[in-house]
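Okay, so here's just one chain, in structure tokens, the form predicted alone.
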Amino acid sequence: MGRSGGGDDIEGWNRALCSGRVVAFCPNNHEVHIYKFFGEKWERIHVLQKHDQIVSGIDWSIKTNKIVTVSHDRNSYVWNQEASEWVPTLVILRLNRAALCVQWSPKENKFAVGSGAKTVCICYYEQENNWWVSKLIRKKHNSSVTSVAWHPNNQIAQLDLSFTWAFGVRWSPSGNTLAYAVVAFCPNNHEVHIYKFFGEKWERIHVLQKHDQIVSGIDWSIKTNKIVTVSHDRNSYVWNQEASEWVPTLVILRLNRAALCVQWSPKENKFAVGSGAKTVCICYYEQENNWWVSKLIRKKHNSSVTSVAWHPNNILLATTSTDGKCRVFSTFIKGVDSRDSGLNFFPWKGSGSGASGDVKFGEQIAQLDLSFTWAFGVRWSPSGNTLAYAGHNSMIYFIEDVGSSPKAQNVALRDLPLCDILFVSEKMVIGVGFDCNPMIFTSDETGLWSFVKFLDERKIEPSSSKYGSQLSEALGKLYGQSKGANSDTVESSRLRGGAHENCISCIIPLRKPGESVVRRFSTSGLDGKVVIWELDNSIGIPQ
């Protein structure tokens, strides 16, 4: 087992020994430390020193009892245990960038190395020459190779739908199976891929190519069946399906920085774009000129706009920014929004107050200074009476009656920060983020919000908790951490999910028009997975 991550220790267990009593890890430097469990404590028995720079990957073979290490020094070593010593053999990878990850093949006759050189090295042993040889897979990646995985048949397999960093996943509104059967996503490049579910597998049916740089946001309208995309190239496209083809229409956003997020309004007659230019673009269609026009909300944000959310009345727009603030704006556009639509600007004031003409386009209704860190994932409740967003300080904020006399609550998490949230009902929220596991929050009868549980709970074996706790305590003492400070990191109540293996960056409701409660939703993340969740009857959803 090998793991790599920025700034974190990496480790490889000797899986051939009972209960995993020997472990090798890198303490974030150029060494590899091997610890063994004796009775009631862990003791260091070896220190492997050969690399010149930080070790970025370790894997320990089961059958042959060999350790392979890779490093930012662009080399690899295969370590064989001879008597009581570990003897290294250099493997020249022929790389011009750092090696990032490594894994033995199932038969352990070769291993794969991912690198920052956009290259994968397949290394094997030549008996006749008594050395390790590397063969390179070049010109297949456009950026660093962050992980490798062997198929059980001893070959590395690449699946069409197993993409890296799933950006902007959106589902078609016209699903014809139990879950929505068509999905659009960006595979971390300038394209948008559309897949459809046929029988028992997903097949790619369209590739939308118009952007010049990475696509950072996608939204698929429910009523009009239009797809809107935004990109780091500062442009937006609205895609209309004509027969079997998707036809793009350019929307010039007039930005000097990347577009970061996008969302259709509830009536789907306009959409909002957040950007790195501290600007929000409100785009609408002009029938007389047959084009899309963008109006800008400028000079209201002090940093990049990370998320946007429309109020159900189609007028108010909430935003979050890396300046730590959440803001609410008016987006009323004459000729697009109706004054006598019956939707008041301020639903919390009651009927008859806050007519549409009272507030101009771009006027700031509220500014919430609850977080001192980056803010993400703003959402309105189904009624529009509650606003929620997440902070990068592991906090989630709930605000009621925004605009008149706001009542704010904050829920502090003992786990990692959230990236996005979703109201499944008026009193229940699902949050996703760096814990790789959806979290459930509910509001009680008094309106007090609290964390309930992780959605994807897994049981932890007592033995692994015991050894993990003792190992962590030993390492904490070794690197100057106190026992008390370390105990929180090994609590059995901190359950990580099994469906996702990396940060969950997006959560999307799978709800048919007219449904008031979300029982099915999808999540996507940096592990390249799109997971569909369904809340079963055991989870009571408060209305």
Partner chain sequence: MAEGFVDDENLEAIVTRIEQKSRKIESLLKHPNVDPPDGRSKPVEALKTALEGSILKTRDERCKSANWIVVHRAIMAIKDVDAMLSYLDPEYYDILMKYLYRGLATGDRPTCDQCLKIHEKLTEKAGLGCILRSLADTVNTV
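Positions refer to the first chain, counted from 1. Given the structure is predicted, the values throughout are model-derived calculations rather than measurements.
Missing here is the form predicted together with the partner chain; even so, the following discussion is about that form.
Peer 1: 87, 207, 448, 412: which sits within 4.5 Å of the partner chain in the predicted bound form by any heavy atom?
Peer 2: When the partner chain is considered in the predicted bound form, the option within 4.5 Å is 412.
Peer 1: Find the only residue in 416, 258, 137, 222 having a heavy atom within 4.5 Å of the partner chain in the predicted bound form.
Peer 2: None of the others qualify; the residue that does is 416.
Peer 1: Every residue in 373, 392 and 395 with a non-hydrogen atom within 4.5 Å of the partner chain in the predicted bound form?
Peer 2: Result yes, every residue of the spot touches the partner chain.
Peer 1: Pick from 276 to 284, 365 to 373, 236 to 244, 306 to 314: which stretch has a heavy atom within 4.5 Å of the partner chain in the predicted bound form?
Peer 2: Stretch 365 to 373 is the one.
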